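Next up is one chain by itself, shown in structure tokens, the form predicted alone.
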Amino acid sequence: MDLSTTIAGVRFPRCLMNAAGALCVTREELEALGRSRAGAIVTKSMTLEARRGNPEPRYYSFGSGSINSMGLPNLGYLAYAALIPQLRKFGKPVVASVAGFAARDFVQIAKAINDSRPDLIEINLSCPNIPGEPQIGYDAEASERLLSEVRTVVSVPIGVKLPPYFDPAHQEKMAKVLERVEVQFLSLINSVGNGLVVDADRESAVIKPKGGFGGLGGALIKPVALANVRAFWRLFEGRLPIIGTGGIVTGSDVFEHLLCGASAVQVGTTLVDEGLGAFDRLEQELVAVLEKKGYTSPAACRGVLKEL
């Protein structure tokens, strides 16, 4: 079974990869991804300066998902710019995730990272876990200005990681922005922000930052992720490659993302909870589902979801 996929002209040997933020902060973690069955190495979303992130505990896994308020812990963009060429030895695409707190941050980081020649650059417009900082992806006009500036300094293919949208009008407005700035792929979705998980026994929040509020991930957000993948697949009529993120626990979950229009998937909560062996398991389960359904590749079932 050929599980390869192509995104923005870049071939991925397998359609499974880590989500930015999941086991991808340090050199050791990135090299471990390189040795794993992941189809790519996705870096942590990087900022201008190195960040320790929010105070701990800042991640909590529970029965139907996870909540986190990591606060973008990362090595700083210069460290990743130096690492990216070295990660090429693993023979799989390197996807650099870029974040920032102002448009000029994104531009400065993107320019330096472009010079280090990753295969793709993912512009993160959707981190929900920085106290006092709004998600740029909910402001279409600000997103367009930012992406237009980034476009002027980047030559490798760029995509955007978007927050979950809950209204078709917002998806339609953002789709027009993305078309105008000629984005080449989408990552959908980032965690569902501003959730709260309570431990009834301790009568307490389960994470420390922001009074316990954080981004939700894992199985419970899969319907939201699938809805956004499907909505943007339809808005772009299948022309724009989509990386589906959210609720990937089994091979069947991967299959559902493919049916809705994803070309590949990123794994977050399951990877953090299970470790790199999750890629081996998900690959085997996906192959079993595709063979049972009679599909010869992920591309064969992409976007074919039946609507009643």
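All residue numbers are counted from 1 along the displayed sequence. Values in this document were obtained by computation on a predicted structure and should not be read as measured data.
Omitted from view is the form predicted together with 3,4-dihydroxybenzoic acid (DHB), to which the following refers.
Taking the partner from elsewhere, Thr270 is found to have every heavy atom lying beyond 4.5 Å of 3,4-dihydroxybenzoic acid (DHB) in the predicted bound form. 3,4-dihydroxybenzoic acid (DHB) in the predicted bound form is not approached by Ile113, whose heavy atoms all lie more than 4.5 angstroms from it. 3,4-dihydroxybenzoic acid (DHB) in the predicted bound form comes within 4.5 Å of no heavy atom belonging to His257. Though the partner is left out of this view, Pro168 does not reach within 4.5 Å of 3,4-dihydroxybenzoic acid (DHB) in the predicted bound form, counting heavy atoms only. Three-residue candidate spot Ser69, Leu72 and Asn124; every residue lies within 4.5 angstroms of 3,4-dihydroxybenzoic acid (DHB) in the predicted bound form by at least one non-hydrogen atom. Heavy atoms within 4.5 Å of 3,4-dihydroxybenzoic acid (DHB) in the predicted bound form map, among the stretches 279 to 287, 61 to 69, 259 to 267, 32 to 40, onto 61 to 69 alone. Checking Pro164, Pro128, Gly100, Pro118 against 3,4-dihydroxybenzoic acid (DHB) in the predicted bound form, a heavy atom within 4.5 Å turns up for just one residue: Pro128. Contacts between stretch 43 to 68 and 3,4-dihydroxybenzoic acid (DHB), counted in the predicted bound form as any heavy atom lying within 4.5 Å, involve Lys44, Ser45, Asn68, listed in sequence order.
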